[in-house]
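Just the one chain here, the form predicted alone, laid out as structure tokens.
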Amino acid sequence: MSIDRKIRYGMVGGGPGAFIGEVHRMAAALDGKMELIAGAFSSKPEKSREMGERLHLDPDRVYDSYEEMAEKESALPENERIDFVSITTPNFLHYPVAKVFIEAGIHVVCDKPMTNTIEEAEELCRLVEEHDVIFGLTHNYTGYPMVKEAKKIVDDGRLGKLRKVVVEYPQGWLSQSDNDDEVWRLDPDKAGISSCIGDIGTHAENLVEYITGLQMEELYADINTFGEGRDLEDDANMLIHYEGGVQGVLHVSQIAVGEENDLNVRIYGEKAGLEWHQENPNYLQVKYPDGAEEIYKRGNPYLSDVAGAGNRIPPGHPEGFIEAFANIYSNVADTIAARLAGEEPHEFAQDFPTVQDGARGVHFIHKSIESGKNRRWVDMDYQPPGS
């Protein structure tokens, strides 16, 4: 892809004190392909300007609102305006922010979950198709090289016919309820109908779909709220039937005392099984019934090309969370660059979660809550618009 400049982007959200906004900025900066040139970093104009000063941005490109940003950026000459916007706000703002930028013809990278309602998610799918924009969703765990290797192993049939999937995402950060008033993820007005499933359950759901390609057929969810006075769930356990008779177990929790961020997945087929842990992400285990266990290590030449494409440093030097995020951003940037150059993007560049993945995630959240509240199995058959 031959363009003679960096991909320009702006950010909505990520103001002073926002953890995830800084993660997105570090990830986008890692490969030197992108530059942040604009932003509406807070709903409070003074905080937006404060963030702009910290980032040494042109004050004329720091806006008081995302609406102003979309209007003024889209009115700039093509060689000056942002190429895409990064949305790092609380959940309830994802839809309106994405909508206004899509309608302005600006590409989007959005944090997950994509929206708070299925109707909003489907509307974004239609708008992306109508305005022909690129939409990336930061399910960053799919950016890990060894997750890509796991997908290649499954795609190549090395596990044989799949039988069972177990995916877990235990955290303990909400095991105490002393500061609930400060946690927007527990506020239904900002987080939507779910806390735990919407925050980390969607990562577990997406990880399985990415590696296996399997769609859910039906689901039974047991949802729980352990924190006193909370309106949203902080723990969930699910039984899942995937297509082709594959059985699934999904467990997510924000009250698992002592746990930090142990997203992990085990996939079992007729011939072999595999296992990957996010807290030890540079290693992938493949297990056989009649042979030695194999351990694949990030960065080595025996890995597949798609896994190798996500590496930046030699084997033995750990890569992790920021780098996985960066792989999502890098692929989106390469896809935008290819479009600007009038070229077809490389297949690896198109390896990032899309607006349809976002819609499936929102559908998963709502059906899980429906199942948990009604104590029954629910039909999971779903195809978002444009898929």
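Only a predicted model underlies this, so the values are computations on that prediction, with no experimental measurement involved. Heads up: residue numbers just count along the shown sequence, starting at 1.
In what follows, reference is made to the form predicted in complex with a further copy of the same chain, a form of this protein that is not presented.
Not displayed here, a further copy of the same chain is kept clear of K373 by more than 4.5 Å at the level of heavy atoms in the predicted bound form. a further copy of the same chain is not drawn, but in the predicted bound form it has a heavy atom within 4.5 Å of D31. Under a 4.5 angstroms non-hydrogen atom cutoff, a further copy of the same chain in the predicted bound form lacks E243 among its neighbouring residues. a further copy of the same chain is not drawn, but in the predicted bound form it has no heavy atom within 4.5 Å of G213. Between 137 to 145, 93 to 101, 111 to 119, 68 to 76, the stretch whose residues reach within 4.5 angstroms of a further copy of the same chain in the predicted bound form through a non-hydrogen atom is 137 to 145. The single contact residue among D156, D181, E270, D189, judged by any heavy atom lying within 4.5 Å of a further copy of the same chain in the predicted bound form, is E270.
Note on contacts: among K152, K164, H131, R81, the single residue with a heavy atom within 4.5 Å of a further copy of the same chain in the predicted bound form is K164. Along 287 to 320, residues K287, Y288, P289, D290, G291, A292, E293, E294, I295, Y296, K297, N300, Y302, R312, I313, P314, P315, G316, H317, P318, G320 each place a heavy atom within 4.5 Å of a further copy of the same chain in the predicted bound form.
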